[in-house]
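Next up: a single chain in structure tokens, the form predicted alone.
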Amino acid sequence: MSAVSNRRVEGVPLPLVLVGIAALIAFPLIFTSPTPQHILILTLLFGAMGTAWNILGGYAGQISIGHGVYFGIGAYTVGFFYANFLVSPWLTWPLALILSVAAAIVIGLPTFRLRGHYFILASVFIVDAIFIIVSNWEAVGAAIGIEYPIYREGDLAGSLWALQYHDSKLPYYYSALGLFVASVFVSWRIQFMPLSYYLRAIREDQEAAQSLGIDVTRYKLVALIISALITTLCGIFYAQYVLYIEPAATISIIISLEIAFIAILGGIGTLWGPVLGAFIIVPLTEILRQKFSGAIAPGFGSGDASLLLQLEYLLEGGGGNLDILAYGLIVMLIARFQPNGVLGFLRRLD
């Protein structure tokens, strides 16, 4: 018993990790309202993607702003075949993973020759180019996107085949939890593999690593493929969860930035950093979006609305995307006061 209690998973006691998993399992059984379940589903989803991004951006030090491509591949592959041919995602998810690996190789081989901000710019240009292509590609719905046919029969076998559950969020919740736990487990196991040492050597000094015989491009590509596969699975889940796919929500630069920011906020290059980042930023922004987003009240900015009317509007849930302003404020505070992320701040306190 003492041996178990003394074990740690990157600084966190193993019993605390097990308690956390148990709490996540019990959460939807205690909080049965759809809203908290939805917020935690998104938290787990972005936690999985942030952890996946960290394998490349944190362990290898290759900051990528292009993971929206792999997220979009997952969503669009299963969405296209189900919307047009009613082919179950159970049959098309392997194709999505194959396409993701192919995209990772095609994108990674040339861009990994670039260093620093040149690689970041290349990833931005690539995701933006693919976004423009998809937004004008009529076969996949162009800018309008793909709307899933809703399975309405209600029988369990049909729901499992279509992966659509309309009576409860529990199947979605536990699927997201499975993705999250699997991604954290993969990230943790990598730390005990030779791949981890190669990636960290590349991150610290690429030229020195290359002089020692490490195939830099090869190991970066391995990290990208692992990262892309997890992100693609998250894209598949997202498509089944929202039942609607559009370029802006799946393959845009905004999604890529959100994935990267989750890890950067928590602390890149660590196991728990992306997890911490997701559990801070996703609930915060979702709650702010629910409370404060909306159209600006009539008369705002023109002097026609009294101060009392403006305050009343804000208290009633208006505010015109104040959640985005809060998001930007968090970015500035982290960049200014704690570049190592929230986990770095907590370690300083410790």
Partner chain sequence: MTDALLDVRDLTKHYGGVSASDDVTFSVADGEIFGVIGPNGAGKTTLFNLITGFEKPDRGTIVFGGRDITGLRPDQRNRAGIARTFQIVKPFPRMTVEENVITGALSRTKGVAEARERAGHCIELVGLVEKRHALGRELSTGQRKRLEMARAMATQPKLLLLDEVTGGVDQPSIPGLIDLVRRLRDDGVSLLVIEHNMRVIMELADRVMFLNLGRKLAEGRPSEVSRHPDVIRLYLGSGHA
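Only a predicted model underlies this, so the values are computations on that prediction, with no experimental measurement involved. Numbering follows the first chain given and starts at 1.
Not on display, but discussed next: the form predicted in complex with the partner chain.
Comment: the partner chain is not present in this chain, but in the predicted bound form one of 129, 139, 157, 193 has a heavy atom within 4.5 Å of it, namely 193. Distance criterion of 4.5 Å from any heavy atom to the partner chain in the predicted bound form singles out 208 from the list 150, 106, 86, 208. Heavy atoms of residue 214 reach within 4.5 Å of the partner chain in the predicted bound form, making it an interface residue. Remark: residue 197 counts among the residues lining the partner chain in the predicted bound form, judged by a heavy atom distance of 4.5 Å or less. Using a 4.5 angstroms limit between non-hydrogen atoms, residue 204 touches the partner chain in the predicted bound form. Annotated contact segment (heavy atom within 4.5 Å of the partner chain in the predicted bound form): 185-193, selected among 226-234, 140-148, 249-257, 185-193.
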